[in-house]
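As a starting point, one isolated chain is supplied in structure tokens, in the form predicted on its own.
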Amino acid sequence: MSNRKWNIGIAILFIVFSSLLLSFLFSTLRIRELLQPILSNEASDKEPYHVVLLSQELDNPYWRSIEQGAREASTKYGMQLAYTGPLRINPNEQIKLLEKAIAAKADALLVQGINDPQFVDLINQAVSERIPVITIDTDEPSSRRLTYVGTNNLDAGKIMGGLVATAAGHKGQVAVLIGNEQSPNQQLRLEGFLSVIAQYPELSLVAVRSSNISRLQAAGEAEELLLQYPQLDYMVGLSALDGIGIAEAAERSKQSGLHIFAFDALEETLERITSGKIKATIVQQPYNMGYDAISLLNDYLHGETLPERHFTKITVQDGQALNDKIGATSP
């Protein structure tokens, strides 16, 4: 009899314990249900990852294309992109804007290298403050940046050298305009170009001059060269406005036998290729630079190791390539 009472007691205790356990479970579920809207709101109120893209020149079409690529990738990865830069090319202003971005505690920075020790120090400061930095278009290899995204400018110069050497039949006079003597990009392009030209003793380099990234100055320098070297056969522009400036000088000087090679795909450059006034241009991929930079940043945030450099594609546009493109898009 005592065993029966004992069993009944255990059963009652089990029922009571089970009831309490179920009650606790239901209460927990109810509390979670009540808290879910609050937790969801907190998650939705969390600010997105804030990236600052610091350009060389705010409304430059080339940099607007970089911005477009970066903005589309930012949307894809749920980041917020702020685009800024000097109204006109001004390295000192770029330094000030980088200082502001660091002070504002940006989550990440995409910047153009400017070959300036103070700028390098600021990049290193940002990294020390756990702000990842990616250089875009122009590298700062001595800094602590994560990676460089942009053109392989040494290879671009070699391709340009090959274009000129082939067109010249490995002989003739050549002059070069570069955008800025202080620009690492320009120097790398020039280095690559000269490494090819040096292979042909009858292909003579008569001058290298700077346009200071000015169409007007490019035209002026080209006119002077045409007067100084009346037998000049080939002129090369290694920055975006140089080819157009050279073409204007050739038109004013009525120099019809000059073969002009340009850099970048400005609309006017392509128009002059179509009309035969510029022979060819080397085309960079600024949209891809912006898009790839954000994509690589996303990879880094997910624990991936980035390459030291990420080179974007370069292509050559000449009259034949443009005619083929127009033919492909015609009805």
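This one's a predicted model, so the numbers in the text were calculated from it and none came from an experiment. Start at 1 with the first residue shown and count on from there.
Separately, the form predicted together with ligand BGC exists; it is not shown, and the next lines address it.
Using a 4.5 Å heavy atom cutoff, 63, 112 and 284 all lie near ligand BGC in the model of the complex. Within 4.5 Å of any heavy atom of ligand BGC in the model of the complex lies no heavy atom of residue 235. In the model of the complex, ligand BGC sits beyond 4.5 Å of every heavy atom of residue 288. Interface residue remark: residue 74 is not counted as part of the site for ligand BGC in the model of the complex, having no heavy atom within 4.5 Å. Within this chain, residue 292 is remote from the site of ligand BGC in the model of the complex, having no heavy atom within 4.5 Å. Scanning 240, 106, 159, 165 against ligand BGC in the model of the complex with a 4.5 Å heavy atom cut-off leaves one residue, 240. The partner is not drawn, yet in the model of the complex one stretch among 74-82, 195-203, 114-122, 179-187 has residues with heavy atoms inside 4.5 Å of ligand BGC: 179-187.
Residues are counted as partner-facing when one of their heavy atoms sits within 4.5 Å of ligand BGC in the model of the complex; in 256-284 these are 263, 264, 284, in sequence order.
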